[in-house]
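Taking the form predicted alone, here's one chain by itself in structure tokens.
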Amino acid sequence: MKIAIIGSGGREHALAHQLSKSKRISKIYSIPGNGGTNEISTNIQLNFNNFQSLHDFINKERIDLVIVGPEKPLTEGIVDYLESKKIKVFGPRKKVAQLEGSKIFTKKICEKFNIPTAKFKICYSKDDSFEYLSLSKFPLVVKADVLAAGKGVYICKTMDDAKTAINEIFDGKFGKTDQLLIEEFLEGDEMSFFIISDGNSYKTFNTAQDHKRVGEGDKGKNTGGMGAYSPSSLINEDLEKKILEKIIDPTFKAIKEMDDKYIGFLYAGLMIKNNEPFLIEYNVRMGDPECQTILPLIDNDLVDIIDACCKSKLEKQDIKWKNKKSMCIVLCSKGYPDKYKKDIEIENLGKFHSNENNFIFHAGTKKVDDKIYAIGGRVINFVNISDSFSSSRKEIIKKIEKLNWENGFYRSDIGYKVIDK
């Protein structure tokens, strides 16, 4: 079986690594991949946003299955296009990908199907937004209604914070938009909850906790994710039942009413308060870096699971998990999430290799003449699985310190709520 993975981040490297362990796979293509994926796959420097050239390559190489990693091509209809060309692809179609592409789309579903979520207001201009602010209590949350790589959410403690957020969004910081969302601020603990679906049925696909803020103690600016751990310490049988009954099932009912179906990973970003779940947002793919923590815990062939989804046979497919804890810490370029230098060599990285319990997943890297260079904000994901989050964190930090990359930084407190309490 030949597989193509669309994307270039840590999530896609983790997917390639997990899939490469399958005896069913003869070749993996990473489009475009990164400095680490070429060790286990063939990197193809192709613009996957050009659907025609992507199709031509897939057709020429007779690729059996395409797995779409990032959200942008999903929301732009890559699945619809490839399906129209009779190519097997794993991921949701454009219509249902709006669950991530438009936060307002999701909020309207929440309203119609009584899905627990924060109270909200849709605003269509700066004046409309400022008027609503004058009637609001702080803190509150302002959200861009476009894809923003995890950075379009502002937690505003003051009126000035909110006005800055509104101005930046309507002035096009994340692309042209004519609407935004203002929400009440929910107190509680965040949790990432995953399911996988074949269009007819779904199964849970583990949980994780993500650290979005750049600074220790979850302070500072939002990022794409500084680290994560899995499973979430919040999950229990009663909570999972509530999540499925109050959030996931009504969402799939909404999709059915849209006369569509959902194939792929679905990631529910939740706020948990007193063991009650509230939906913050949906992502229509695996999270990053949550994916890097979850996939190493799978105890059966990921190819079998994804293939079963594409054939509408997930119900008959078991998903087994190792009884272990997993943690990921992201090594970033200094200056991230603001300005940072690119094309900086990461010396000594070649000495580090993945093994049974330790994994190195590249994100913002490229390989030139056997040297690895940092080209992005989030650069390397260090992952460890063990019997405790504490030992995983110690093991990862030991490796990052041994690498000793002077142009990078990381958060040393990932998992502090479960380790240090």
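These numbers come from a predicted model, not from an experiment. Residue indices: 1-based, along the sequence shown.
The following text describes the form predicted together with adenosine monophosphate, which does not appear among the structures shown.
Even though the partner isn't displayed, in the model of the complex is residue 113 close enough to adenosine monophosphate, meaning a heavy atom within 4.5 Å?
Although adenosine monophosphate is absent here, residue 113 would stay clear of it in the model of the complex, with no heavy atoms inside 4.5 Å.
Residue contact check: residue 184 to adenosine monophosphate in the model of the complex, 4.5 Å heavy atom
Taking the distances in the model of the complex, the answer for residue 184 is yes, it comes within 4.5 Å of adenosine monophosphate.
Could you confirm whether residue 103 comes within 4.5 Å of adenosine monophosphate in the model of the complex, counting heavy atoms only?
Yes, residue 103 lies within 4.5 Å of adenosine monophosphate in the model of the complex.
So in the model of the complex, does residue 143 come within 4.5 Å of adenosine monophosphate, heavy atom to heavy atom?
The answer is yes: residue 143 has a heavy atom within 4.5 Å of adenosine monophosphate.
In the model of the complex, does each residue in the set 155, 190 and 281 place a non-hydrogen atom within 4.5 angstroms of adenosine monophosphate?
Judged in the model of the complex, 155, 190 and 281 all sit within 4.5 Å of adenosine monophosphate.
Using a 4.5 Å heavy atom cut-off, which of 162 to 170, 121 to 129, 135 to 143, 299 to 307 contacts adenosine monophosphate in the model of the complex?
It is 135 to 143 that comes within 4.5 Å of the partner.
What is the one choice in 271, 82, 234, 255 with a heavy atom within 4.5 Å of adenosine monophosphate in the model of the complex?
Residue within 4.5 Å of the partner: 271.
Scan 246, 72, 95, 212 and let me know which has any heavy atom within 4.5 Å of adenosine monophosphate in the model of the complex.
Of the listed residues, the single hit is 212.
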